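Take a look at this single chain in structure tokens; it is the form predicted on its own.
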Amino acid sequence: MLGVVGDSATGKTTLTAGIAKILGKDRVTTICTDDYHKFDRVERKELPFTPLHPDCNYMEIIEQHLKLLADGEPILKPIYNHKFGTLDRPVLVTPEEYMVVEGLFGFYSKPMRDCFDVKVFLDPPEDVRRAWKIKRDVGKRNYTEEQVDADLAKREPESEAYIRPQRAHADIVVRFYPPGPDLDVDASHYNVKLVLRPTLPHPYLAEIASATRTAKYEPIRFSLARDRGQPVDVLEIDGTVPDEVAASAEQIIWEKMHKDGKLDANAIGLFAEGDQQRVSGPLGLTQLLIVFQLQSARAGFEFS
């Protein structure tokens, strides 16, 4: 069971959709905890808080449903329609081999966190998140840019109070960011920095860094560091990493994974940008690191 948490427009759906493709969509059930909003968009206009506040969400039901899904039981999940801001009819959800949960709240309480085998927090810089949110909300959710900026300002205190603190509970923190100050760059060339906490084993890091290092260039770097006072491993991948270098790093991880003929290696690094399908080396390596952890958890469950 994978949890992917982050603020609005941090790339949760892009990451989880790619992971589902690699694992095989027929083997993955995905839900979003944002469906558990208590109020529709019209009702929220009269409230003193936003969807980022726990009081705006059915937190106890999220806990209950995550526990049921972790136990392999079906749930009747609510639906929040993001395009129209309405609460739609609930749907029956039955967990498959892999369960992927994304949203604003997933690691908020210990009962929630205890349901996950792998916990990922998405943490892009705020200027990048703003650009992504404007692009999404204007293009898909009928907002104007001014409305998006006003919404971000209104939500900021609750982001600080309730969303960002969940970062501390993640096994893996993912930060995609552009290679320079210009945000209008090819998304496939974004760098990524991964903070890897010792709550999960990462047996491939030194080998990847060694295998991809040259005398002049180190596109994939591994280091020991501290994150908020705690020891962590850090893996940094340049957005301009050559295809052959990214492929060699992917192969190292692939060879350490449990044999599974159902995994789709051709889906690694794929993401949708409008009507186009793109490929990103940093995204592919991030996806594969997470799939490795899910596979390890699955294998431990099956053979324990």
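These numbers were taken from a predicted model, which means no experiment stands behind them. Numbers follow the displayed sequence, beginning with 1.
The same protein also exists as the form predicted in complex with a further copy of the same chain; that form is not shown, yet it is the one meant from here on.
- A single residue from the set 270, 263, 68, 252 has any heavy atom within 4.5 angstroms of a further copy of the same chain in the predicted bound form; that residue is 68.
- Note on the partner interface in the predicted bound form: the residue among 168, 224, 161, 76 having a heavy atom within 4.5 angstroms of a further copy of the same chain is 76.
- Of the candidate stretches 254-262, 39-47, 236-244, 22-30, only 39-47 has residues with heavy atoms within 4.5 Å of a further copy of the same chain in the predicted bound form.
- a further copy of the same chain in the predicted bound form comes within 4.5 Å of a heavy atom belonging to residue 92.
- Residue 277 falls outside the set of residues with a heavy atom inside 4.5 Å of a further copy of the same chain in the predicted bound form.
- At a distance threshold of 4.5 angstroms between non-hydrogen atoms, residue 55 is out of contact with a further copy of the same chain in the predicted bound form.
- Not displayed here, a further copy of the same chain is kept clear of residue 187 by more than 4.5 Å at the level of heavy atoms in the predicted bound form.
- Residues of 45-62 that come within 4.5 Å of a further copy of the same chain in the predicted bound form, judged by any heavy atom, are 58, 60, 61 in sequence order.
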